[in-house]
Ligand code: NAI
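Take a look at this single chain, the form predicted on its own, given in structure tokens.
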């Protein structure tokens, strides 16, 4: 009898297993593909490795703006992929080593829930082995949505159409790439392939890119992309994919554009079917497992964390959800607070966001005040960005006492947003923020400047 069985070895699953094992529980982690899940093997880490290579290439190729000239600069896509694979191998090895040090047993293969034993334990089959556990944590993650667009199925089979999994192993630079979907994944890959030489077109059904990102930020990001040569077809619906082309409708007109490759990135959906979840009577609504603030499902002794519960679909949110779930298993008071979960788009420039947007404030009827500053208020930003047009937008409550949202477009946004998240999470008073000492010169000083601009 195990104390805990974890289904899924992605960020939610492996962190839960680590925390539970470290606390002394007997734990088995079941993973059908690769420990580390989509994030480590086919998402977060591989994409950031590629994006960093593109950034280095851009600096080398366009260094004259900073007084540095190089000739014959080129990017070797195979070398980029090889380095990405090395980084992934090293990190996966690190996760496995940590699991081992926490006395977690890893079982490779498909885990299928068989229901409950007579005493109430959960029974799970992995290969020829049947395991029983007092507790089950479901962390089966998410999968790319593949829409029923004519030609997509055939394109996936031929390699003309790619998902996030295949494009991260593409060891060639296509002459033209059409990205279907202007969300985070689509934009990051559009950024990479545009930087390394592809003609990139983003086709998006909405009238803006970057989903729920603050609209002022998303418009400025689009402007930066367009300046680099990325084309956008907004308010457009893809109607068909054929070898070498993508067809879509926009403003009542049908268009066809060339596409050596097509990236499908219209979103992800929780994986809740195909492994026996129904045998436990776990409540699934709108394709996701329903959980409370402690990660509990409606079924006794069953928790669900990460993408499968459809809350945030971010690795760092999954980490926190799993920590809370294990705390709950151990009888410790804890809960997930989603109001200050930061999000990042790792393009060049980066986007960092936390808390409310102007749009969400209006939808919720929240009165707010705002300060919008050019990133050029930061001396270091100006030193490192020639003609940079980034901005920092901070939202405050109506009384101007608390930060309720922060949105940054510019270099180091992914790092700045953590400081902003702490301000939102702790509800620190503006007068106290003004007394903080920020390192100088640093780009994060933009937060200090914005707070001081508030009347």
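None of these values were measured; they are calculated from a predicted model. Positions refer to the first chain, counted from 1.
Just so you know, the form predicted in complex with this ligand exists too; it's not on screen, but the next bit is about it.
Considering this ligand in the predicted bound form, the lone stretch of 377-385, 109-117, 180-188, 325-333 in range is 180-188 [heavy atom distance within 4.5 Å]. Of the candidates 150, 127, 267, 276, 267 is the one whose heavy atoms come within 4.5 Å of this ligand in the predicted bound form; the others do not.
Shown without its partner, this chain lists 344, 133, 230, 220 as candidates; in the predicted bound form, only 344 has a non-hydrogen atom within 4.5 angstroms of this ligand.
Contact check for residue 200: no non-hydrogen atom falls within 4.5 Å of this ligand in the predicted bound form.
Under a 4.5 angstroms non-hydrogen atom cutoff, this ligand in the predicted bound form lacks residue 104 among its neighbouring residues. Put simply, residue 204 is close to this ligand in the predicted bound form: some heavy atom of it is within 4.5 Å. A residue is said to contact a partner when one of its heavy atoms sits within 4.5 Å of a partner heavy atom; residue 289 fails this definition for this ligand in the predicted bound form, lying far away.
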